[in-house]
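Only one chain is shown below, in structure tokens, and it's the form predicted on its own.
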Amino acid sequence: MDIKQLLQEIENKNAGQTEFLQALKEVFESLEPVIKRHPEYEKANILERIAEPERVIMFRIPWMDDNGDIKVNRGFRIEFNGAIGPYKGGLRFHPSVNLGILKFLGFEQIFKNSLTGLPMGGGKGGSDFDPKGKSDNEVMRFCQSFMSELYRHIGPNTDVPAGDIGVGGREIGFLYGQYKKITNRFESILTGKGRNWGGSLARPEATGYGCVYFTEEMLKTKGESFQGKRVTISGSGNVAQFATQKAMELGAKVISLSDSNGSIYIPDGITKENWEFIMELKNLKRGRINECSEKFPCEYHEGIHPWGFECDIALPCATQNELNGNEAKKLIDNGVIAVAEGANMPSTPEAADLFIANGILFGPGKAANAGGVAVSGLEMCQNHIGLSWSFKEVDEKLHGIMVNIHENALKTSEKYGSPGNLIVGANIAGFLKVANSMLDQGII
């Protein structure tokens, strides 16, 4: 099988879907040694099949704003691959959402979910709706209209969405309420639910904590730890907030956070009081990160990512392709020893290649940020059995899952000739479970 030729054929069919094609290329190029060892995958055309979503759902979302004007947005759900379980993946509400971005996220989700060891297929969805600047009532009306179409395509054993950028606890609540009203069923069709009505403890913390746990395992291979390390983090949403908290607990100094307007820099490290202010600012007041400079001593750098600051560890936790080749060179020149992706594909291919080529510990997103979907899977499990585990129990399970993901990716990278390359290891380890399941189930 000529993978370059296959990629060209797929690109011709998916013109303009830049992020999807980027993710596909990274995975497929990692799989060359697997295809050589397993001719059964080529015979069954597994790569062609896994590159095509099983189902793409698109729909309009009419809703009324507070002025009585009717607005229309576009909604999506990509049910990409259900070979190992019901489709599982977040909903993203952001103006940048389009088919290509959601296909990229859904494709990545296949392998991320596989790596957790839990029975979850890959999916993703969302809308080009922007919740920023909208009132609670406007967000509620939008969510109700969105779910009035989506409800017919999801279910506890079919497709279980979660939150993502722009979809937090408020949005999940509105979505779930509409689903329950339409179907008259109280069931596990969304994760990230409120604690009082089926949500799991440690779910808000899971992606950020998981990223730090994965980084901790990478550091151990070099005899290092977070203690005393300078950590630069991008973003200031859910993932960045709890990655900051856990890194601080492990003795690190977190020196930056950011949002789409710019970055703050705190040379002496964020304090517990600073962190609590940021939590209130972003989660309750829905403010901008530059407001931190009005509350505590820090530098605000407008319009830049935080990759020019001297640090030991970098955790990109904002969005895709936020860390480019030039910024990767700055991090390397400034002495970074480890980079772990808290977001989905935040490093460009050039940046990731530079980290690998320079011996930097690098945790790709499908491995390093799998903690969120892992605890979503644990939330589904708790809903099914009608029990609620303690925070400690969930956190221990999350920690164990992240340790196993790192170990699996590391061993797989060695087995297939790229020792220490966790991009290759994670891609292959995630692929093998899905590919073998597809073979078991025939041509579907």
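Residue numbers here begin at 1 and follow the sequence given. All figures in this text were calculated on a predicted structure; none of them were measured in a lab.
Omitted here: the form predicted in complex with a small molecule. The next part is about that form.
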Among 156-164, 138-146, 180-188, 213-221, which stretch sits within 4.5 Å of the small molecule in the predicted bound form, heavy atoms only?
156-164
Would you kindly say which of 244, 232, 344, 114 lies with a heavy atom within 4.5 Å of the small molecule in the predicted bound form?
344
Given that the partner is absent here, does residue 103 sit within 4.5 Å of the small molecule in the predicted bound form, heavy atoms only?
no
In the predicted bound form, does residue 175 have a heavy atom within 4.5 Å of the small molecule?
no
Flag residue 127 as yes or no: does it have a non-hydrogen atom within 4.5 angstroms of any non-hydrogen atom of the small molecule in the predicted bound form?
no
So in the predicted bound form, is the small molecule close enough to residue 90 to count as touching (4.5 Å, heavy atoms)?
yes
